[in-house]
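One chain comes next, on its own, written out as structure tokens in the form predicted alone.
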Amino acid sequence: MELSERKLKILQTIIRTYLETGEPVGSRTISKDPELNLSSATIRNEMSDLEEMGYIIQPHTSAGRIPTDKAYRLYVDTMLDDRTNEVQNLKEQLDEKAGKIDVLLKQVAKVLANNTNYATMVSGPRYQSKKVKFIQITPIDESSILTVIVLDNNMVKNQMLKIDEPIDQEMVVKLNFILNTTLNGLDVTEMNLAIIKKIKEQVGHHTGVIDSVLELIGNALTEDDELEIYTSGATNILKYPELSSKSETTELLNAFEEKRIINNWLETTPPDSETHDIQIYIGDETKVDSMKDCSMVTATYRIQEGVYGKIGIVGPKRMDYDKVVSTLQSLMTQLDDIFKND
């Protein structure tokens, strides 16, 4: 008997529903799924076929059905293939977009330096919060597993984890299934105790493995990415007498070229608004010792919701603030148009 597309959709719905409720699933429950749009009678016939094919069983008379190991295997294999394709497609799209953005941001730094006669810094995009895209556990030997975590910013984390006892293939299937269906799309703030408890209740005595995997996921979601910083016009600083003393200039240029300055303003999360958050820091307000005689004007660009970067212009305290702010405002409007049309 062939597993048709309709049977597969019904089976997937049974598995998802059973995972959420832990209760046998009946045809009446399945018929309420708007994506199926099937009558209870049709669903009962299909469920009968699925039972005959070994994908579901009826734990006792008059009860609904629950998925078998064969069903979990089919579901997870299909899910893993789909996720792998999604990740590959996402990687190709992001690689293409990142290449374009890389060139664009380098040009932004250069244009700003030329137009203002000051030094400029532009950060590559970063994620305001990262979410889980895909998780896969693979046994390597009896005492270790390989855990692969893919986040929605296309970052991939691999780590070998030691385990106290071997995990059979069916349990691996179950762990992958539970982790992906429960954690997919969540960020670190959404992984609360209730969700962790729910996962542990479903995995039985393999809670130690779950603890290790959850710790790895938490680290991946919270650690800082290595950020690209594009600079231009550093030598413009030498044009201003108050910044041209040998020791101060050397210190300032070193800080600029080593890109340390950016750490003081990049970490500030942009506000939840459509503004570009233009800020002006004068002297000690920059919190950088080598910039006590400088001012810095910064702005936030946004590529999409939760993905943003910073632009900074550094010059003497007597910089032409009106020109710098208006130049930034004009540039940010142009960037908005570019990113919206991308």
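Numbering starts at 1 and follows the sequence shown. Bear in mind that the values here come from a model prediction, so they are computed numbers and not experimental data.
Keep in mind the form predicted in complex with the DNA is missing from the figure; the text below concerns it.
Among Val307, Ile280, Ala63, Met53, which has any heavy atom within 4.5 Å of the DNA in the predicted complex?
None of the others qualify; the residue that does is Ala63.
With heavy atoms only and a cut-off of 4.5 Å, decide whether Lys70 touches the DNA in the predicted complex.
Contact check for Lys70: no, nothing within 4.5 Å of the DNA in the predicted complex.
Are any of the heavy atoms in Val25 no more than 4.5 Å from a heavy atom of the DNA in the predicted complex?
Yes, Val25 lies within 4.5 Å of the DNA in the predicted complex.
Check whether Arg44 has any heavy atom within 4.5 Å of a heavy atom of the DNA in the predicted complex, and answer yes or no.
Heavy-atom contact with the DNA at 4.5 Å: present for Arg44.
Taking the DNA as it sits in the predicted complex, is Thr300 in contact with it (heavy atom to heavy atom, 4.5 Å or less)?
No, no contact at 4.5 Å.
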